[in-house]
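Coming up is one lone chain in structure tokens, specifically the form predicted alone.
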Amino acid sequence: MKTLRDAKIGDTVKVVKLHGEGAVKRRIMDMGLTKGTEVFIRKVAPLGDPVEVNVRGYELSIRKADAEMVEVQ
């Protein structure tokens, strides 16, 4: 299983599944990370947290813990 956290800079990946429960999963979906959405990995902070991505035409910074809940291909 590959997650958003595992993707490398410059990759374009597609969201396959969201893991997590309740409010956490809802928050990720509210940010636009839903099944079938393409995500471009723009950059990663020096210590790896957060990850900056382009999704649905805007830039999003997401924590490593949240990025681990997004399964991609």
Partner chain sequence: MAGIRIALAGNPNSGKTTLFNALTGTQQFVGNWPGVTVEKKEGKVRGQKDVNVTDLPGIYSLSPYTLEEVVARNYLIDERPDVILNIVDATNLERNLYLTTQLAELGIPMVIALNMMDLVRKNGDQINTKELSRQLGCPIVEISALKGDGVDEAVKACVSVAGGKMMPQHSFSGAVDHALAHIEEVAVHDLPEERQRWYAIKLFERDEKVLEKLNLSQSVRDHIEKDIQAAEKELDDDAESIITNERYVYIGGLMKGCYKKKNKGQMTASDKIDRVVTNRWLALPIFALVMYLVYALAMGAPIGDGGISLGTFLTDWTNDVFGGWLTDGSRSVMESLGAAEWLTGLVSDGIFAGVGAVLGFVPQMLVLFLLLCILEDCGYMARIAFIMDRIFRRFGLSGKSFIPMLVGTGCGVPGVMASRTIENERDRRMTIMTTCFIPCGAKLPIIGLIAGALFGGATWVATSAYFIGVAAIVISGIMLKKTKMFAGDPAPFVMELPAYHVPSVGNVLRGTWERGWSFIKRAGTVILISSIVLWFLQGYGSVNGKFGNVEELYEDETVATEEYKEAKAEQMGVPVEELSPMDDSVLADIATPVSTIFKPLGFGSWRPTVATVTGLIAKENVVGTFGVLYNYEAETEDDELDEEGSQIWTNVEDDFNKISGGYGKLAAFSFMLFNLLCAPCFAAMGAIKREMNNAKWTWFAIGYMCVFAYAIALIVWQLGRLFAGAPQIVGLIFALAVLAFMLYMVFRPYKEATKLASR
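Quick caveat, the model's predicted, so the values are computed rather than measured. Positions refer to the first chain, counted from 1. For the two forms, the rigid core is made up of the largest set of C-alpha atoms that agree within 1.5 Å on superposition.
Note that the form predicted in complex with its partner chain isn't included here; everything after this is about it.
Novice: Answer with yes or no whether residue 10 is in contact with its partner chain in the predicted bound form, where contact means some heavy atom within 4.5 Å.
Specialist: Contact check for residue 10: no, nothing within 4.5 Å of its partner chain in the predicted bound form.
Novice: Mark residue 28 yes when one of its heavy atoms lies within 4.5 Å of a heavy atom of its partner chain in the predicted bound form, and no otherwise.
Specialist: Yes, residue 28 lies within 4.5 Å of its partner chain in the predicted bound form.
Novice: Hey, in the predicted bound form, does residue 56 get a heavy atom within 4.5 angstroms of its partner chain?
Specialist: Yes.
Novice: Flag residue 17 as yes or no: does it have a non-hydrogen atom within 4.5 angstroms of any non-hydrogen atom of its partner chain in the predicted bound form?
Specialist: Yes, residue 17 sits close enough to its partner chain in the predicted bound form that at least one of its heavy atoms falls within 4.5 Å.
Novice: Judged by heavy atom distances of 4.5 Å or less, which residues of 14-50 approach its partner chain in the predicted bound form?
Specialist: Contacting residues: 17, 22, 23, 24, 25, 26, 27, 28, 29, 30, 31, 32, 34, 35, 42, 43, 44, 45, 46, 47, 48, 49, 50.
Novice: Would you say residue 36 moves its Cα by 2 Å or more between the shown form and the other one, aligning on the core?
Specialist: No, because once the rigid core is superposed, the C-alpha of residue 36 moves less than 2 Å between the shown form and the other one.
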